[in-house]
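Look below for two forms of one protein chain, each set out as structure tokens: first structure 1, then structure 2.
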Structure 1
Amino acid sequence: MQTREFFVSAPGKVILHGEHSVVHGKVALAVSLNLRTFLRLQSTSSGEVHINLPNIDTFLSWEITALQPLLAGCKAEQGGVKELDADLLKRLREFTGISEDSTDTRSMAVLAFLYMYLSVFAESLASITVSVWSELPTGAGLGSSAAYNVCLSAALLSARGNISYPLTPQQESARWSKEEMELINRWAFMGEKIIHGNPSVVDNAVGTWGGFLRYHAGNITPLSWVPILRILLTNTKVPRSTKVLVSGVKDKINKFPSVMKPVLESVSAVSCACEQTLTEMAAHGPSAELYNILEELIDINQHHLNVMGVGHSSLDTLCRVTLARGLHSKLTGAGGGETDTSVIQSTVEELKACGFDCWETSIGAPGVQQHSSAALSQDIPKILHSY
């Protein structure tokens, strides 16, 4: 261990365009959401491993000597990532008493942590305390599990010495090298597999790389420099099942193939047009005209989502409330534009009156980072230090 404590963070994600058509081989555009998950890793000499997850009231610890036998038969991976070790996962489930069919957030977070900790530190289990706190709501499709896994992966790999500590004493925040981030991303995906079984590769990629990512036929391409855009994120809190929605879209495509296939084409083209507009923003600076194009594309995409049948009357309410003030809304909540603070404030008030949660945040922020304690807003180290 090279340091007593350090901080990392990773962003959430929103799919800007193509959330459903990506399943059918079309281009999607994902972007980091600057609601972040923060992790503090502390080296200790307690002979114990602690995990503190205050958002979900989970505070657990284990004696290292009790964990050691779980590694019997495991090969040390030296920081390389292989396939998920199903035997180790099975032993962990038995050890923690988390059954095969359990999918609750706490159990999954604990399993992912223990799996990654044991795999990364297999050669020599270290005494550490890991505390994670997130600005992201869970289960809202905003990549909270991926941000958690990216933070765990970066922190554990750094603490183990598989990757560097990028932060120099003068810096407030720093990022890892491309190769190191690829390793972080691969380990984070392992955590995603544990939590989701068959996860999208997009969430952990956004958490790692940040910014805007083009996703097409399994390939992810980070866009070169793009603007950070202010958004008002709204959670209608209407529960939804991704599985049910995805299969509903599939049914609709089978029912009306000649009607739906061109819609998927159009969504793909919306993603590409958005990418092109962001690239222009990067080259020539943002302008009212380019913001208008982004807004038009968001409106078109939202209408297409309604065609696919994944809209909801609460989203129409949201769009109506925001459009009345010249703001543009979409499912999972991303919209760009320069707007007066007073307009934002009155919009937030009306949306809260509708029973929705609101966050003023931004999209396009950096991916996983190491932070100095001083760089974080006062509350965050306080929260992370209290465990």
Structure 2
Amino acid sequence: MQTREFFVSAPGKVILHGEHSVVHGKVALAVSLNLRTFLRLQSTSSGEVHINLPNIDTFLSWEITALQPLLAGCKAEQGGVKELDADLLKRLREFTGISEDSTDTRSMAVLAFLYMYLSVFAESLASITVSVWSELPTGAGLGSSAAYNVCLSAALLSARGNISYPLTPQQESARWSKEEMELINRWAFMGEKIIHGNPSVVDNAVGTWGGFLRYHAGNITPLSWVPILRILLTNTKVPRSTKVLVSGVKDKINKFPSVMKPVLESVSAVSCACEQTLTEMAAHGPSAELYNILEELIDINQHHLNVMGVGHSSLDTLCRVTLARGLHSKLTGAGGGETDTSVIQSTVEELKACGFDCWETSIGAPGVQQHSSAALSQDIPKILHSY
């Protein structure tokens, strides 16, 4: 491995429509956020591996000599991806003391890092320091774990030499080739499996490719013609676990199949109607009529989510506050048409008074990228260098 320092980033995501239906072969629309996770990787000669996660106040290090026995015959796949190695994962749980039923953010992040590090560098463990900081809140349905795993995959594969360093001295940011991005995406999905158990492929795909994606029956299609939209994100600060929520939806479908299957079909129909509306916006420009259709679809989908059992009283409060100002909200996003700035500001103030956090941002950000330090805002390298 060459001795160098480099930075990568990946965006978060919002699913416009289709939450929890993606694991049942239905249509979902997902889009990347202009809120990103940033990673710094530096090779060292310390004989140690370090992971720094400022967002969750975590700094850990291990001697390479202590990690080596965990491999127990594992072989590097030259960048390829096998099925999840249950034996390696079990050994890592025993080594770290992380129980099998743990959903703790810190524990899962550490477990995913160690698994990917050992798998990628199995033939020759390297001394590295990895620091990760994110603009995304954890456990808020915004793809923070996927952005983390995409960054880890890109950085570790680059450091191992399985993919290139795409950035040239003349560039501030660069992306990998299509084939390399596909490899990054597959490794990121492995990390998602470790953290969530049975995730969809959507979150890591958005983090890798960026932009707008249509998901149906395992196939992901980029939607390059979708118009740019502003959104108001609100974090209700209610802890949640994707793994637990996905399991709960599955249990409800198994318990009430004749009730829940039509709900999933309806969610899929909403996704298709939204896609058609966005297509018309892109072709003919936005209009009050098309914005009204999008708003109605948002309201319908939020009711779907309540039926699935993934709603919460805090989300009901959010919907009430925003609807009073003409904004339409749903799980993982709130949106409005050509809304006056003063309306947005007053909405944000009331939501903050409810104890929520808000971000006004846009959607359609690029996927995983490598950056020069000069391309990042000054605060980000400072944070990543401070541990």
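Think of the rigid core as the biggest set of C-alphas that the two forms share within 1.5 Å after superposition. These figures come from a predicted structure and were not determined experimentally. All residue numbers here refer to structure 1's sequence, counted from 1.
Trainee: Would you check which of the pair is the form predicted on its own?
Mentor: The form predicted on its own is shown as structure 2.
Trainee: Rigid core superposed, CA of G47 - does it shift 2 Å or more between the two structures?
Mentor: No, because once the rigid core is superposed, the C-alpha of G47 moves less than 2 Å between the two structures.
Trainee: Core-aligned, is the CA shift for S287 between the two structures 2 angstroms or more?
Mentor: Yes, the C-alpha position differs by at least 2 Å between the two structures.
Trainee: When the two forms are laid on each other by their rigid core, does F356 show a Cα shift of 2 Å or more between the two structures?
Mentor: Yes, the C-alpha position differs by at least 2 Å between the two structures.
Trainee: How much does the C-alpha of P257 move between the two structures, in Å, when the core is lined up?
Mentor: The shift comes out to 10.1 Å.
Trainee: Could you check how much the CA of V267 shifts between the two structures after a rigid core fit, in angstrom?
Mentor: Value for V267 between the two structures: 5.2 Å of C-alpha shift.
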